[in-house]
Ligand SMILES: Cc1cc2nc3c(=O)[nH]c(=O)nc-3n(C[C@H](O)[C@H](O)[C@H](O)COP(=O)(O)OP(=O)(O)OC[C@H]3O[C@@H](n4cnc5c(N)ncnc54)[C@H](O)[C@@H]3O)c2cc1C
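Next up is one chain by itself, shown in structure tokens, the form predicted on its own.
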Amino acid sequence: MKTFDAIVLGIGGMGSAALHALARRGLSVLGIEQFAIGHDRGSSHGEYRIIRRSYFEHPDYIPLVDASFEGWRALEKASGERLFERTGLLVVGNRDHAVIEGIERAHSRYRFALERLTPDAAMARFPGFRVAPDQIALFEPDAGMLRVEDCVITMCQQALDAGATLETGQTVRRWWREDGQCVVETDRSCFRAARLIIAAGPWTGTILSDLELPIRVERRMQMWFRTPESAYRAADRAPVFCYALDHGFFYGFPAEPAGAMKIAEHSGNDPVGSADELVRARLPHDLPRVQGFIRDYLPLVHGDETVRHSACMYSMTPDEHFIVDRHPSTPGVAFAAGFSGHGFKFAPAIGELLAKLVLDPAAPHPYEFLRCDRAAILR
């Protein structure tokens, strides 16, 4: 049985960051992934993810966003890879919408760069976008998009360069703790380490079944639509965008490469019985709501048919905040779960937090609202 200082289960966004954080500290660390690195079977895929300080979900996320911006910049510098593109973020909604009010609340506390635009001013600056007369537009100039698969692959490569070991194509059957060590059994081997980090995404319910975490897995369809070659490109100042509407929350990215624009709905409720049972084909109900949004707000996008699509999984907690904590009854174990469709941007900060949680078991948790014993999680 091979022995390491630490093992990380699940090498998606959070797991690759934890692997990198531990390897940089000089530990012998093993990462175990059931698929290939940068795969499209879970939650960390689909070309791009938004990174923003306009955090309507909770102002307490902003220090984590700031730490993550620093982490992504450091990773780019160390690797020479371009992972982040600053495009700005356009958020459109009614003034009394919870998203707009949440952004204003976060801004009043942290004073990040934010512009308020009238509908006419927003459409003059961003001619491919419509803003209704009763809506407001907020623009965060420092926001942008992360190249999600490249981010995961680069964190893994940096971890390997620092001495980490990766085992892919291995499915975890079970884990336990004995004689002061964590033992992980896969379908091909067994491994042992003093510390264990679990970042299993939508497979968390299986890997951490003992905790009975109230996490529901939902399906979301990411879709790409045709655009004119000259429209909606980041090079032409097109931003990442979010529309907070009464009937749904929609988002998208500039057309990179030109001609295909990723547009999707963040809201909705499409439960998945098991992560292994996800329907990856596009279903009849996936398209009409997004087409309606395109028709109303993106006049130059060809919403008649998709160029391609990709199914993604959200792991939702009751309050839609993450769970990042030590295992409540097993020493040396920490986990990250329930990222509720807005977690990837935080990967560098979450990786650092997970490393600290297992390396210093006496240290207080720095983010109380992410603990697993908060009121929304306890049953």
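Keep in mind that what you see is a predicted model, and the values were worked out from it rather than measured. In this text, residue numbers run from 1 along the sequence as written.
The form predicted in complex with this ligand is left out here; the points below concern that form.
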query: Listed residue (Val333, Leu30, Leu353, Ile50) with a non-hydrogen atom within 4.5 angstroms of this ligand in the model of the complex; finding: Ile50
query: The unique member of Ile100, Val290, Ile207, Leu114 whose heavy atoms fall within 4.5 Å of this ligand in the model of the complex; finding: Ile207
query: Contact test, all of Gln170, Phe339 and His342, partner this ligand in the model of the complex, heavy atom 4.5 Å; finding: yes
query: is_contact(Phe69, this ligand) in the model of the complex, heavy atom dist at most 4.5 Å; finding: no
query: Residue contact check: His107 to this ligand in the model of the complex, 4.5 Å heavy atom; finding: no
query: 4.5 angstroms heavy atom contact with this ligand in the model of the complex for Gly201; finding: yes
query: Proximity of Phe249 to this ligand in the model of the complex, heavy atoms at 4.5 Å; finding: no
query: Partner-proximal stretch of 117-125, 220-228, 156-164, 296-304 relative to this ligand in the model of the complex, 4.5 angstroms, heavy atom; finding: 220-228
query: Residues from 25-47 in contact with this ligand (non-hydrogen atom within 4.5 Å) in the model of the complex; finding: Ile32, Glu33, Gln34, Phe35, His39, Gly42, Ser43, Ser44
